[in-house]
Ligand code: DGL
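Given next, in structure tokens, is a single chain: the form predicted alone.
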């Protein structure tokens, strides 16, 4: 692996951009290759077999682009496919679940942690298992939130539809008395303001992207693959669906031009 190679990351759509933002912030000298599987979004309702097939093709593609490291910037893929991907990948790969778990455990005071995520992530029990394995006397309240990903993908983030969906999904968690909420899908940080308004100041939000990129940076340093200081960077974007739709959403969320987006159907 070459030290000056890019970091690869992937998601079902634009959600992984919340992880990309953290790479740009924490590792500004690193280049990236992003793949959004927009032809198959959302991942939440899909089976483990489908997700494994999709993500195996994506990680093979990213390795073909010469990346030195891969971040599964998708909680659904991280919860359902990571062990298989680790076996098949020739470069190091990290998911979002374990870093997110550790971050939530460091923030909770009353031991009541909520998780909102896709149906597949909730079905996997990955966050609940991880929290109870590492935390003592932890109570976990999980809530699938299937309506949120399509709303984010189509840019309907400041709408009554979002407010209505969040009230439905967050109400049981509020009644349970959680003091910490894991945003268990990379699309959800783009709704953080609305979620904070709904929950109020007494609940801390955990975006697993922050801890995941921090862990990735530490691993790259250990492996001697991190680029420090100032370096020319490039950020490449590929999608399986419509490049124009992804580009419009990316510009809206990142608030800057991202250059060309190429369609690659795997």
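Just so we're clear, the structure is a prediction, and the values are computed from it rather than from any experiment. Residue numbers count along the first chain shown, from 1.
The same protein also exists as the form predicted together with the ligand; that form is not shown, yet it is the one meant from here on.
K.L.:
Picking from 230-238, 59-67, 43-51, 202-210, which part of the chain touches the ligand in the predicted bound form when contact means heavy atoms within 4.5 Å?
P.N.:
Of the options, only 43-51 has residues within 4.5 Å of the partner.
K.L.:
Would residue 74 sit within 4.5 Å of the ligand in the predicted bound form, counting heavy atoms only?
P.N.:
Although the ligand is absent here, residue 74 would touch it in the predicted bound form, with heavy atoms inside 4.5 Å.
K.L.:
Evaluate residue 126 for contact with the ligand in the predicted bound form, applying a 4.5 angstroms cut-off between non-hydrogen atoms, and reply yes or no.
P.N.:
Close contact is absent here: in the predicted bound form, residue 126 is far from the ligand, nothing within 4.5 Å, heavy atoms only.
K.L.:
Could you confirm whether residue 182 comes within 4.5 Å of the ligand in the predicted bound form, counting heavy atoms only?
P.N.:
Heavy-atom contact with the ligand at 4.5 Å: absent for residue 182.
K.L.:
I'd like to know if residue 101 sits close to the ligand in the predicted bound form, meaning any non-hydrogen atom pair within 4.5 angstroms.
P.N.:
No - in the predicted bound form, heavy atoms of residue 101 and the ligand never come within 4.5 Å of each other.
K.L.:
Quick one: of 122, 178, 149, 80, which gets a non-hydrogen atom within 4.5 angstroms of the ligand in the predicted bound form?
P.N.:
Contact with the ligand in the predicted bound form is made by 149 alone.
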